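Only one chain is included here, represented as structure tokens and corresponding to the form predicted alone.
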Amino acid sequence: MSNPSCQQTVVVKNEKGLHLRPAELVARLAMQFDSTVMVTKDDQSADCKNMLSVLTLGAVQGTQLGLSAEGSDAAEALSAVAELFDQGFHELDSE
């Protein structure tokens, strides 16, 4: 039996892009789930549980990224991480 998987496209909404603080938020959130959550920009993929790996994507405001999750709680993990992107990493109100 294979693990459930799902995918979604998200956009970096906050002005400063995917910098250190958002990358940490993504990693902390992703680590709460058993599933593997990956974020992809063009042909480069990063494990969402690895903050430094997420930072290497260099995603600026307006960048479209692919999210994918695979594992027993893939849908929940993908939804949670996508919501964090949608909320602009809680930085939209302070900009």
Partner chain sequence: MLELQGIPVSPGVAIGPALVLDDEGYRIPRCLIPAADTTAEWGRLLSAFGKVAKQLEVNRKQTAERLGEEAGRIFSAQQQMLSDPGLLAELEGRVRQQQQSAAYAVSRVLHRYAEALGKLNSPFLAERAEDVLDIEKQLLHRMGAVTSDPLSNLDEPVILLARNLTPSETANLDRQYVRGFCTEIGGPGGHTAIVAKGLELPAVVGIGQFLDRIGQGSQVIVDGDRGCMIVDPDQATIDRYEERAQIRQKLTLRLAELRDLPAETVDGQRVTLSANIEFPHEVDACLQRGADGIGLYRTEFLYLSSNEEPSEEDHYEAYTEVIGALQGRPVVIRTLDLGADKMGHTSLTEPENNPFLGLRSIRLSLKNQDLFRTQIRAVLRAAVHGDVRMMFPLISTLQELRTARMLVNIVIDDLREEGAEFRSDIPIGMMVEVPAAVIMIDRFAEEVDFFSIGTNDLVQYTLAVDRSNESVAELYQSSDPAVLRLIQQTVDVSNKTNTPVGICGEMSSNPARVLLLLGLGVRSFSVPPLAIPRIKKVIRSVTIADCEEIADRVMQLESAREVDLYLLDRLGDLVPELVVQ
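Numbering follows the first chain given and starts at 1. Predicted model, so just to flag it, every value in this text is computed and none were measured.
Another form exists, predicted in complex with its partner chain; not displayed. Remarks below refer to it.
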| Ser45, heavy atom within 4.5 angstroms of its partner chain in the predicted bound form | no
| request: Mark Arg21 yes when one of its heavy atoms lies within 4.5 Å of a heavy atom of its partner chain in the predicted bound form, and no otherwise. | output: yes
| task | Find out whether any non-hydrogen atom of Thr56 is located within 4.5 angstroms of its partner chain in the predicted bound form, and reply yes or no. | result | yes
| Does Ser68 make contact with its partner chain in the predicted bound form, using a 4.5 Å heavy atom cut-off? | no
| So which of Asn50, Thr36, Thr40, Gln61 gets a non-hydrogen atom within 4.5 Å of its partner chain in the predicted bound form? | Asn50
| said: To test your reading of this chain, name the stretch in 5-13, 70-78, 21-29, 83-91 whose heavy atoms come within 4.5 Å of its partner chain in the predicted bound form. | reply: 21-29
